[in-house]
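There is one chain below, alone, in structure tokens, taken in the form predicted on its own.
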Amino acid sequence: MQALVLVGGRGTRLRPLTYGTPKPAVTLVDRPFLNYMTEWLGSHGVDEVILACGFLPDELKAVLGDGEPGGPKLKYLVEEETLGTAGAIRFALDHLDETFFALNGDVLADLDLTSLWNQHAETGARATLGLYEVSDSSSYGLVDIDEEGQVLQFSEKDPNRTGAGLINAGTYVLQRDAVAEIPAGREVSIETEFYPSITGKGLYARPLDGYWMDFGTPERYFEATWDIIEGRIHTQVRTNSDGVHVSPEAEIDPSATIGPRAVVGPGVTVGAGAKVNGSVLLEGSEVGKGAEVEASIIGPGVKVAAGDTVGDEVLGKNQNGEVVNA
């Protein structure tokens, strides 16, 4: 079983963590973000994942390699120009199976993909969208379906709309012959161009149970971190009772205070008397003696000087190696 994952974006909403690191390779708790997706896909029978790349493909491959042992094998396709969500899928046409999953690369989820695949087969659909119910639908476009799951229409996001609704979860099952109809060689949106063009012509959808998040801002990064640590998404992460995850490769002075809620990555050093609370210290960062870090993300290789206080900040390095705030 095959999945195509769209990872061509620059991850600008997650800067400064993504200046020199593609978003799928950014560490989330204890592994690159995309490894959560491949773990999820593998649990539903996927054994090959094609990554449709654009931004920093070499760096992405250096981090992710051929995939995790026992998980789906990774294959890389590099777009030379921006083709949009549907255009990127069309670009991969020669590498696709007759039926395959397609997913946006910024989804953190454990939704029931098997039920989506099964409905797609049972209805003979050309495309089937995974839907997710949100309590506040004002920031999303909605998808209306009938009792059989056929898509009736798409509604644009409306800040004046209140209440729950079903949204496109960026998770699809597609037929290769439907993808072949997407215009080649130009930017095409799957949401605003392709799906409306096949509404009423074999386009179905299914509401899915489980966890779902559009991962991509510092606020969502924090939310995803604590959801993983506190068990709201199905995955395997070791923490203690205070919601703290510490890499065995970190060096923490015995007099430092870590948590409640904290992630301390590999190669991190925390000095004597330092305090880290509600924060993420990414690989190779340093918190000096007596420093305090609260509700912040300290990016790879960033140093917090002895005695400094950092609160509600996201610190990382830009293209010139300078430490900058979000």
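These numbers were taken from a predicted model, which means no experiment stands behind them. Numbering starts at 1 and follows the sequence shown.
Just so it is clear, the following notes concern the form predicted together with a small molecule, a form of the same protein that is not shown.
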Q: Pick the stretch from 249-257, 223-231, 83-91, 116-124 whose residues have a heavy atom within 4.5 Å of the small molecule in the model of the complex.
A: 83-91
Q: Give a yes/no on whether Lys157 approaches the small molecule to within 4.5 Å in the model of the complex, heavy atoms considered.
A: yes
Q: Mark Asn104 yes when one of its heavy atoms lies within 4.5 Å of a heavy atom of the small molecule in the model of the complex, and no otherwise.
A: yes
Q.
When the contact criterion is heavy atoms within 4.5 Å, does Phe194 count as touching the small molecule in the model of the complex?
A. no
(Q) Against the small molecule in the model of the complex, would Gly202 count as a contact residue? Criterion: heavy atoms within 4.5 Å. (A) no
**Q.** Contacting member of Ala52, Val49, Ala274, Leu282, with respect to the small molecule in the model of the complex [4.5 Å, heavy atom]
**A.** Ala52
Q: Would you mind picking the one in Leu111, Leu74, Leu96, Ile167 that has a heavy atom within 4.5 Å of the small molecule in the model of the complex?
A: Ile167
